[in-house]
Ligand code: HEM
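Here you get one chain, nothing else, as structure tokens; it is the form predicted alone.
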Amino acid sequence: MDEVLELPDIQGTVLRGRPNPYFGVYLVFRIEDPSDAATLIERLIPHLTSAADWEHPAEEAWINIVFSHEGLRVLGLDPAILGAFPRELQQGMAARSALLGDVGRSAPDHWVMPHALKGFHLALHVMAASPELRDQKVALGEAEVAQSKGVTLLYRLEVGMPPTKREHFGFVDGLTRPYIQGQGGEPLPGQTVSAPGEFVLGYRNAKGERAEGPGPEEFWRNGTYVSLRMLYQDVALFRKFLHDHADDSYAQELLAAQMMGRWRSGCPLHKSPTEDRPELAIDPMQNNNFSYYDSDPEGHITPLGSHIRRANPRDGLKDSIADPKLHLLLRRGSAYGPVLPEGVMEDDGIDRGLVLAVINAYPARQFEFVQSQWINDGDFISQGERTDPIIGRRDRADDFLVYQPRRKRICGLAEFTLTRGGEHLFLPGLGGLRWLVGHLRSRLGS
């Protein structure tokens, strides 16, 4: 029997998909005065959106809050609790850059979004159905922050997703996500069913164990961890690569589909290997209803090294020691920056890309494992040092194998994406936030 999830206590972004279209902003703050910051957090709690009221958010805006480990330390959280957080939270993402492949031009020295050691203490994510509503809510929040000496705004990044759902490389985004037992509704065909404890603390995980957090249960129950990534996308370079490695527009689209594992419409390559069929992309009964073990074990249809096959191998690792259910990710993607005009293959110097909020209860064996072992290494699919053809690191192999229309090695993969920021964050439940405020008050003597 499924566990009953406490939806009113879970911040909405954990279980609910982003509205479409939506207009959002990430606001990153540094804590200056713990007491005033605690007061500000307390005032924010009634405005935060839970999984229960996601369809009808208060004030016509969706608002959620996250903390870095360093932010919780500055706030004054008990050191014994701070020391019980997962190691990756305690160290911060910048310190783990070598493991994650954030090297060269993706190294933390080049990041533009602050991380924990650069003042990232807490952040708000605000979303609304229009830019006007977003700006209204942000203006109200900024006015409140301006009256407080508790926090300083360090960084603001406008994000969103247009009605096309396409990210800057032109692919429809957000088609694949696990079904979490107890979230409500029924899983769609091909949707991986996951134990709730893989994504929400306080519930049974894929090993049958209860997912627990640091300190008292009142603090961590219904919370989770968010692995946040800001990725710059070099759209002109990606277009030029396709142009230089394919003879015509059809061959370019086929190569792009083979690199991703889906046509740019979102149509699975596995269901239509030689032509794009957008009608399959918009059909929820078909767009994820495929597997690899019986019909494409060697990757002749969907290449073994393609992005979607690396990020979610489905049943393709059935005979290996890896259990994909232990490495599932709940991914929320947002685009930032203006679209590069169609056909342009020269960089215009404008920053654009994706912000990925990866929700996972075990960042080391979920996000970090997928990033280091599946995205940035090829051993698990007998591909040696080959990395993800779209988002992989490029200080290793730079080639990619395809089998359609014939077997061919595509060489010259470039740095199509660069890491521009990242942090491991704690996203408490609403009850956990109230406990945190009370805990801070008692430690501060106020």
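Just count from 1 along the sequence shown to find any residue number. The model shown is predicted, which means the values in this text are computed figures rather than measured ones.
Note that the form predicted together with the ligand isn't included here; everything after this is about it.
Though only this chain appears here, would Gln371 touch the ligand in the predicted bound form if you measure heavy atom gaps against 4.5 Å?
Yes.
Does Asn222 reach the ligand in the predicted bound form, with heavy atoms at most 4.5 Å apart?
Contact with the ligand, no.
Does Ile391 reach the ligand in the predicted bound form, with heavy atoms at most 4.5 Å apart?
Yes, Ile391 sits close enough to the ligand in the predicted bound form that at least one of its heavy atoms falls within 4.5 Å.
In the predicted bound form, does Ala311 come within 4.5 Å of the ligand, counting heavy atoms only?
Ala311: yes, in contact with the ligand in the predicted bound form.
Which one, Lys165, His307, Lys325, Arg73, lies within 4.5 Å of the ligand in the predicted bound form by heavy atoms?
In short, His307.
Among Leu280, Ala129, Leu356, Met345, which has any heavy atom within 4.5 Å of the ligand in the predicted bound form?
Answer to the contact question: Leu356.
I have Thr176, Leu231 and Phe367 flagged as a candidate spot, so tell me whether each of them has a non-hydrogen atom within 4.5 Å of the ligand in the predicted bound form.
Every listed residue reaches the ligand in the predicted bound form, so yes.
So if I measure heavy atom distances to the ligand in the predicted bound form, which of the stretches 329-337, 194-202, 246-254, 153-161 falls within 4.5 Å?
Heavy atoms within 4.5 Å of the ligand in the predicted bound form occur in 329-337.
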